[in-house]
Ligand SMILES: Cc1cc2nc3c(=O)[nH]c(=O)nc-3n(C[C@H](O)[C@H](O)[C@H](O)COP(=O)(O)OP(=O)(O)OC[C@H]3O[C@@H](n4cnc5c(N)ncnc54)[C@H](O)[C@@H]3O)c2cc1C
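Presented below, as structure tokens, is a lone chain in the form predicted alone.
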Amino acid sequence: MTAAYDVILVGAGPTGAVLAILLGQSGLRVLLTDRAPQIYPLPRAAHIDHETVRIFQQAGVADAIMATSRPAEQYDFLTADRQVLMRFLSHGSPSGWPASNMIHQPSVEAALRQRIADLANVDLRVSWELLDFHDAGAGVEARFRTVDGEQRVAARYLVGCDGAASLVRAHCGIGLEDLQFDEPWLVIDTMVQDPARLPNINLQICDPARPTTCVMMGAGRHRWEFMLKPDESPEVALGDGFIATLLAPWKVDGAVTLERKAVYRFHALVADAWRRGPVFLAGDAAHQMPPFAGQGLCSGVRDAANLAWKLAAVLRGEAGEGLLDTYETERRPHVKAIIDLALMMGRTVCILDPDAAAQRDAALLAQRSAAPPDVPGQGMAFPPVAGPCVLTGSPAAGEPFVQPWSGTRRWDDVAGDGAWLITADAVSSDEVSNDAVSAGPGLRVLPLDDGIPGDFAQPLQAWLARRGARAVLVRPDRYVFGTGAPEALIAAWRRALV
């Protein structure tokens, strides 16, 4: 073996890069590999939500990423004659970041790579192509083809973040559950010269003659997506004349220039297993979804945040190996709920039969006319995390915890990494002092009346009061473990990590 690591990560896209940073910040030795020599330079993912930005914040890159992003406060599904079928309004969020944000993925990846360069215990190796790997009993041994010849590496764990065509998944013999969505779409990315001539909200045009997506991207960019009909080949769709015809109704000639064109098949797939011994899958290697909910990249980053703290806890001897099984039991149902939402949106849009589209329009317009007026929300709501590492039954268990801000100061930055016990009561335990010291594996006690600045203590106290709780235990990935009496929460947390 030429080198030994705690974790090998195959694939340095957003999921792998975030996982590398979070593991590196935990003090672990990480090898991050990618077969490409550099970041893919053209846009791909379009959207991140506030939870994703909060994870980027934990990774130290939120401000850099948000500098090239744009908030998106409205998302409309329209009929062919532009009546509103569905409207999603996003204003504010529990994390304090904008609920919905449009991005330029190469800029996101550049910020992540810069942060990785600052971490001496994370080695990024590009132009490294995974050949194979095997379970070595105490870990994994992997072989890579590199410009310097074959390299062999050992680690305790390996994570495949290597995308939809994952070699790691294939090498493990893991199949994919097909959730029955497969539609070809032409994706057009443009550079914007005259933003005044473009929509300033995100749109799905539910026109059976040509279902169309029109969305903002990161600063200075805009995207259209056009569903292809059964008799339209990708080769024809990528022709300049075909694209010009599709864009003509938008009257953007001279307002945009073409940056990228591609034909994709929008799939909905979930890996049959996310773990094989010391090997894990994350991101597109574990799940793929159509883009209508804008949650593909977000879901991969959530995978990274969930798996990172669990791998760190096990590798540091703070938790038992069984904790790693909760990665799939927590993430799979969460991802499937998001895919269900994306499928609902996609099936609403992708109707080519005029009669079926008319029936859809009539039903959704009737629902809107009977519903209360549109009220701004805080983005799309997803189910809480559930499983043995959540104190099910206690108020707010499994939900993302709130992040108060005071000016530009953010609670997560003040409180620091790891798990928190935020309590309005003194902790009466022989094992725990009441002053933000270790209270068990990776846990710090943060009394509201001692050590928490008042501008943060007040909203945290209000959060507890709304749930009738005296204390909350927050996991390192900022999901609520549970609420209740502090001593009971500490005991439950210790049991969960055994």
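Residue numbers here begin at 1 and follow the sequence given. Just so we're on the same page, rigid core means the largest C-alpha set that superposes within 1.5 Å between forms. Nothing here was measured: the structure is a model prediction, and the numbers come from that model.
Beyond the structure shown, there is the form predicted in complex with the named molecule, which is absent from this document and is the topic of what follows.
Of the residues given (326, 105, 93, 394), 105 alone sits with a heavy atom within 4.5 Å of the named molecule in the predicted complex. Of the candidates 309, 266, 401, 226, 266 is the one whose heavy atoms come within 4.5 Å of the named molecule in the predicted complex; the others do not.
Shown alone, this chain has one stretch from 56-64, 34-42, 447-455, 469-477 that lies within 4.5 Å of the named molecule in the predicted complex by heavy atoms: 34-42.
Every residue in the set 11, 167 and 283 has a non-hydrogen atom no more than 4.5 Å from the named molecule in the predicted complex. Using a 4.5 Å cutoff between non-hydrogen atoms, residue 139 does not count as a contact of the named molecule in the predicted complex. Contact annotation for residue 486: none of its heavy atoms lies within 4.5 Å of the named molecule in the predicted complex.
Although the partner is absent here, residue 159 sits far enough away that none of its heavy atoms falls within 4.5 Å of the named molecule in the predicted complex. Using a 4.5 Å cutoff between non-hydrogen atoms, residue 130 counts as a contact of the named molecule in the predicted complex. In the predicted complex, the named molecule lies within 4.5 angstroms of at least one heavy atom of each of the following residues of 279-305: 282, 283, 284, 291, 294, 295, 296, 297, 298, in sequence order. Relative to the superposed core, residue 41 undergoes a C-alpha shift of no less than 2 Å between this form and the one not shown.
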